[in-house]
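Next up: a single chain in structure tokens, the form predicted alone.
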């Protein structure tokens, strides 16, 4: 049976008197990657937060997410600074999946010597890769990636992008990005906000 699509219907979101967007309709087909693009302030991150269930719409409906396992790469890394890279990833995994964490971190470009350091001692790009691996290691039905490649240097970014593309294959995902090349590389569909 094909999973139902995730839908936003006539969604309005405001913070106080500021209307972020009004009447937004968006459909995410199962197993596809949708890129959300557009200028700053149009609500791309807010759409991601609504899809993750971290925000509720002021009007309209978000359907198809109630029973989904969800994972995210946020704009900030949200790691436990005192834990090492492996421990940060294993926090979100079932016991049987923990054995592969070192391999996944290595595939994302972290060296063996960096895996046991507290993440506060890692560079910004290394921390970003830990956050990416943590989100993609979870058996999530929906993955939201909000500017996931920010902070990666130009020599590291292509390999990390390929790692992410491999891990998103067959999964429903939303990529929030300002970068048209990233959107084209990943997305089955590109949606520009405002709609």
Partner chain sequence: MTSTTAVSGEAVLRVKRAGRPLVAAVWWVAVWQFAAWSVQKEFLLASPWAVVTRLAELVFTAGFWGTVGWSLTRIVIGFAAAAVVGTLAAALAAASRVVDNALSPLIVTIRSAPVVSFIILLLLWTDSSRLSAIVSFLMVLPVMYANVLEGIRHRDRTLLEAARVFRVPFTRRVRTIDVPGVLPFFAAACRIGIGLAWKSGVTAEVIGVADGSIGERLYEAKLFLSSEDLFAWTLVIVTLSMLCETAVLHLLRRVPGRMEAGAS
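Residue numbers count along the first chain shown, from 1. Model, not experiment: these values are computed from the prediction.
If you look for the form predicted together with its partner chain, you will not find it shown, but the lines that follow are about it.
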Is it the case that residue 83, even though its partner is missing from this view, gets within 4.5 Å of its partner chain in the predicted complex, heavy atoms only? yes
### Message
Taking any heavy atom pair closer than or equal to 4.5 Å as contact, tell me whether residue 75 reaches its partner chain in the predicted complex.
### Response
no
Its partner chain contact at residue 135 in the predicted complex, heavy atom, 4.5 Å
yes
Note to self: Check residue 170 for me: does it contact its partner chain in the predicted complex (non-hydrogen atoms, 4.5 angstroms)?
What the structure shows: no
Within 4.5 Å of its partner chain in the predicted complex, heavy atom basis, the matching stretch of 160 to 168, 51 to 59, 33 to 41, 145 to 153 is 51 to 59
| Taking 67, 79 and 91 together, does each of them reach its partner chain in the predicted complex with some heavy atom inside 4.5 Å? | yes
None of 101, 108, 122, 71 but one has a heavy atom within 4.5 Å of its partner chain in the predicted complex; the exception is 71
